[in-house]
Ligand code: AMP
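First, one chain by itself in structure tokens, the form predicted alone.
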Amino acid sequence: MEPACVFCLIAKGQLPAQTVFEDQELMVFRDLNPMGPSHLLVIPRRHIGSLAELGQEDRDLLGSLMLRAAEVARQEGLARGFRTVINTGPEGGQTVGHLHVHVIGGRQMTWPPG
């Protein structure tokens, strides 16, 4: 855990969040600045700065993140489709330095996204 990381503080229960799932490894909560009717963030509890920091030893964690993203999308009723996004680094649009998967749905997505 990084003491100044907002998502680490949420994972430790030191900052509030609208949590929709949590276990020992992952946490899912609603984004404070939603880009659609449904916008969830799937995070590992362990601090990982970005996707670029993952190694072979993180294969199971990455699989867990994506499977949980699909599960919460089903729970949100996003059967018609949803978008998953992992922004990586400043030029990739990452604004919080903790690996997270956006699950966005409930409206038609456009391409390119920005």
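Sequential numbering from 1, following the sequence displayed. If you're wondering where the values come from, they're calculated on a predicted model, not measured in any experiment.
Below: the form predicted in complex with adenosine monophosphate, not depicted.
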State yes or no: in the predicted bound form, is some non-hydrogen atom of V72 no more than 4.5 angstroms from a non-hydrogen atom of adenosine monophosphate? no
Taking heavy atoms only, is N87 within 4.5 angstroms of adenosine monophosphate in the predicted bound form? yes
Could you tell me if Q14 has a non-hydrogen atom within 4.5 Å of adenosine monophosphate in the predicted bound form? no
Any of the heavy atoms of L32 lying within 4.5 Å of adenosine monophosphate in the predicted bound form? yes
What residues of 84 to 105, in sequence order, lie within 4.5 Å of adenosine monophosphate in the predicted bound form by heavy atom? N87, G93, Q94, T95, V96, H100, H102
